[in-house]
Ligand code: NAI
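Listed next as structure tokens is one chain, alone, in the form predicted on its own.
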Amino acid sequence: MKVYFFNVAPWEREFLEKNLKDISPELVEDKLSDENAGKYADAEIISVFVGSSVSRDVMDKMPNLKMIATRSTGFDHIDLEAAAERGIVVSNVPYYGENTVAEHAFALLLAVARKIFQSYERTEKFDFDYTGLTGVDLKGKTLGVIGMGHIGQYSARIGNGFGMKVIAYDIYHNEELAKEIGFEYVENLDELLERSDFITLHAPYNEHTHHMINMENVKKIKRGAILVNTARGALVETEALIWALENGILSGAGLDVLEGEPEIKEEWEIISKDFDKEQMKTLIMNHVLIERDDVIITPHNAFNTKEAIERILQTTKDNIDAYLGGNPQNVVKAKK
């Protein structure tokens, strides 16, 4: 079985070489494209990342191709219709970091609520004055979770662990899930904003969620609330966020994402060799929010743990093993 892994980053190589000895894949640093596909005409299984393009033309140049294992949740870089016509199985990594991102969201939430950064800065200067460092408890407070996907669900579980009352806004309601985890759905976003002491965003970004928190509804946020965003920067209108902070509506914010970031399909692009890190650096350096004492910003790093990285690679390996065993898993297909 001829197996190729494309767009392999240095952090992937060690894991793949150690854990894929049984199929001995060839690890290629370059992305797969129409220009180089002919060099790999003998490929039977390929694994790609979002930077590679697996088009109809690429598949034509790989006549023996039987399976595509993408190391990503998204799969819009693969022509699913062409794959279906050729009987090629396509598998993805449906999720890998629900606890990882949720844990980072709570790290930001706690850092703002307990003024961790200000305390650290002061102590580093051997100043042990407590003035201005009074924080707030989480226990007994209301946590508003926007978006009840895998990450939102895990955030709700963590909130319950802190003794918080958890409410959630999502366009889809699963009352069995709400009962199992222990949270309450609200009917609209305004209600969540009005009731929440802490707000954490876990919604996808699209045309419907662009600026879902904006100059109109930010005024409805419960005074003194803390906002955390580990999803996508453009879910929150920056002007509205700054206005809410300046007017005391929000007492603080923890942000892992900023409006104006380069378009990112998958978080893993950030640690790949192709990501424009200078562009991200310039964005953060020029961002007015970074100068505020009531805002903590991390560099889109919520996904980045050793365990999460290994999960995405392990799931890819498992997908290939399942296919070779005759029981493909995590299969994605073209919408009819």
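Take the two forms, find the largest set of C-alpha atoms that superpose within 1.5 Å, and that set is the rigid core. The numbering used is simple: start at 1 and walk along the sequence shown. Every value quoted in this text rests on a predicted model; they were computed, and no experiment measured them.
The protein also exists as the form predicted in complex with this ligand; that form is not presented, and the subsequent description refers to it.
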| property | result |
| --- | --- |
| Options 240-248, 165-173, 113-121, 129-137; stretch whose heavy atom lies within 4.5 Å of this ligand in the predicted complex | 165-173 |
| Distance check, residue 152 to this ligand in the predicted complex, heavy atom within 4.5 Å | yes |
| Distance check, residue 259 to this ligand in the predicted complex, heavy atom within 4.5 Å | no |
| Contact test in the predicted complex: residue 230 vs this ligand, heavy atoms, 4.5 Å | yes |
| In the predicted complex, residue 252 touching this ligand (heavy atom, 4.5 Å) | no |
| Contact residue in the predicted complex, chosen from 182, 204, 224, 161 - any heavy atom within 4.5 Å of this ligand | 204 |
| Heavy atom within 4.5 Å of this ligand in the predicted complex - the one residue of 214, 142, 99, 209 that qualifies | 209 |
| Core-aligned C-alpha movement of residue 50 between this form and the one not shown reaching 2 Å | yes |
| Displaced residue check between this form and the one not shown: residue 77, CA, 2 Å or over, core reference | yes |
